[in-house]
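Taking the form predicted on its own, here's one chain by itself in structure tokens.
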Amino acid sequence: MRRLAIKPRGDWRACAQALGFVHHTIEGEPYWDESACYAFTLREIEDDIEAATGALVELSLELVARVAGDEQALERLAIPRHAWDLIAESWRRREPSLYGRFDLAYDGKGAPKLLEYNADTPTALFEAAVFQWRWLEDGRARGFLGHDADQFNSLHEKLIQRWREVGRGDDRAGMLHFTCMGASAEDTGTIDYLEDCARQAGLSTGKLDIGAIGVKDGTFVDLQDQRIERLFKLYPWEFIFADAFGTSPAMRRTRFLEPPWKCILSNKGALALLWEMAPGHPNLLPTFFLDDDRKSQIGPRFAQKPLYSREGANVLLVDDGKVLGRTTGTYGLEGYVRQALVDLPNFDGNYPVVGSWVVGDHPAGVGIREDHSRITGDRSRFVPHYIE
């Protein structure tokens, strides 16, 4: 694993605009950054990252099987009681998952370590699936990458195939609706891309803002009063469960993607439950709930994370009493976990996190975010990668 300084393509912004990648720059600061790239060997990709991702998928599904009907575990995760039956039912039905992203600490030397699992509303998808692939193709064609350079990236093809599988396996006919908070350019771009993949898979689709969804005769409806039978929502389950609509009978009359059982894995408490289930696993870090006396086993180097948080908010990094990093935000009322602190690789002051994507239950590609901070946030840069 190497970080290489390279010359950006002179036309990359025009290319981004043409492909609909509008949030490549955020408030004048680069989000997409091709002044550098990461190079991996095939062994690092296949034997380390891909293998670890497959193992983490299996562990995660085993955890859901244990927790979905376990009231004590759901209470530890601070999931509201009114959601418990919905979660258990969605798991009993094995309602399908579309995708997710494991965020891994990896330096090319040791085993990848799970930092967290973005199981419910992962973004940074279009840039991983499409735009960094375009960068690779241009690099091979223009000569700044070798003609045999490759990329761990089958995201686009796997997403279309997964939509086909979801469509065939769903007993609910009709339109597949997509929703998110329309004020977010990143969320809107992600929804647009996933809707395009679904259309390529032959599904009928429609799109609306989360605030435009209504309830009529006990069923969710769109602005045309059409029943929402199937809904892909880029909107966190914990927000839905806290909303007035979260207790509506309509919740049982719509098939959701991601399904309700994914809220178990998107909760940082799942990191503690995974360690409890598989202590010593090479891809896990020791993690405990903050009110668990066993957290002292971790020692003086730890990361403290809220059960519910987004984009690195309300995270604290401590090394033997010294604060290495701290972020603010509105999360933490439900509780925290304490996770053993792992050192991210440091490339001249840049700290990368490897986002390893899953489509269905299968590894599908990598996207790398880096920052000058040890905490990856919503402004952290996306840097492309290739396989040497």
Partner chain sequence: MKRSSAVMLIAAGTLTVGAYAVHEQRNCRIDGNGVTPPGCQSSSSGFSSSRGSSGSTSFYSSSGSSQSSSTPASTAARGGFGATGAAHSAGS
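Numbering follows the first chain given and starts at 1. On a predicted model such as this, the values are computed, not experimentally measured, just so you know.
Although it is not shown, the form predicted in complex with the partner chain is what the next lines describe.
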Tell me which of 206-214, 73-81, 296-304, 280-288 has residues with heavy atoms within 4.5 angstroms of the partner chain in the model of the complex?
206-214
Within 4.5 Å, heavy atoms only, which of Tyr235, Trp275, Trp91, Phe144 is in contact with the partner chain in the model of the complex?
Tyr235
If the cut-off is 4.5 angstroms on heavy atoms, which of these, Glu62, Glu46, Asp319, Asp343, is the one near the partner chain in the model of the complex?
Glu46
Identify whether the partner chain in the model of the complex is within 4.5 Å of every residue in the set Ser35, Ala55 and Asp170, based on non-hydrogen atoms.
no
With the partner left out of view, is Ser97 within 4.5 angstroms of the partner chain in the model of the complex by any non-hydrogen atom?
no
Is there a heavy atom of Phe21 no more than 4.5 Å from a heavy atom of the partner chain in the model of the complex?
yes
With the cut-off set at 4.5 Å between non-hydrogen atoms, does Leu42 touch the partner chain in the model of the complex?
yes
Residue-level question: is Arg140 within 4.5 Å of the partner chain in the model of the complex, judged on heavy atoms?
yes
Quick one: which residues from 175-189 get a non-hydrogen atom within 4.5 Å of the partner chain in the model of the complex?
Met175, Met181, Ala185, Asp187, Thr188, Gly189
